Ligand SMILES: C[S@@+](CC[C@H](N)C(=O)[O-])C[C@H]1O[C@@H](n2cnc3c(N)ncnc32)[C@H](O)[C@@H]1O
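Have a look below at one chain only, the form predicted on its own, in structure tokens format.
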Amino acid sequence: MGIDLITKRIEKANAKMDKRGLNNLLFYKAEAREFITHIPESTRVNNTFLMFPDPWPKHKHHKRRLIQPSFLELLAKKTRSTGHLFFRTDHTPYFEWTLELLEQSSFWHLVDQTIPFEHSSYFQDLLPEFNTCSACVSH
């Protein structure tokens, strides 16, 4: 399941899915926190991949970053006990922010695990470098 706020990205993902005849994917235009909040209690997330989220680089905008203690808690409560969070960004300060919040979180612990089914993407290929981290839920 893919979630994004940008309509054009959702339309492009759906077009690629249709072109390849894939029927095991869903793409939604939604805000991640709101989407996760509305996941039924009986449903649990296996893995979450946050790929190049908006870093909100200005200090006064840091409160808009997706990675916040409240989001990490919400996501952990909706994640299976074997679930992982994979985070990737090309913005070093956001990467450091995320590492710090994961280290401080009682809901997650950092692990050395690569992203499953890793392959390059168009957006990723445009970037000179990026950082990735992964965490397991702490249940």
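In case it trips you up, residue 1 is the first one in the sequence shown, and so on. Treat the numbers as computed from the prediction; the structure is a model and nothing was measured.
Just so it is clear, the following notes concern the form predicted together with this ligand, a form of the same protein that is not shown.
The closest heavy atom approach of residue 51 to this ligand in the model of the complex falls within 4.5 Å. In the model of the complex, this ligand stays beyond 4.5 Å of every heavy atom belonging to residue 96. Of the heavy atoms in residue 1, none are within 4.5 Å of this ligand in the model of the complex. Interface residue remark: residue 73 is not counted as part of the site for this ligand in the model of the complex, having no heavy atom within 4.5 Å. For the options 101, 39, 110, 32, the residue carrying a heavy atom within 4.5 angstroms of this ligand in the model of the complex is 32. The stretch from 77 to 85, 40 to 48, 101 to 109, 24 to 32 that comes within 4.5 Å of this ligand in the model of the complex, counting heavy atoms only, is 24 to 32. In this stretch, 58 to 84, the one residue having a heavy atom within 4.5 Å of this ligand in the model of the complex is 66; the partner itself is omitted from this view.
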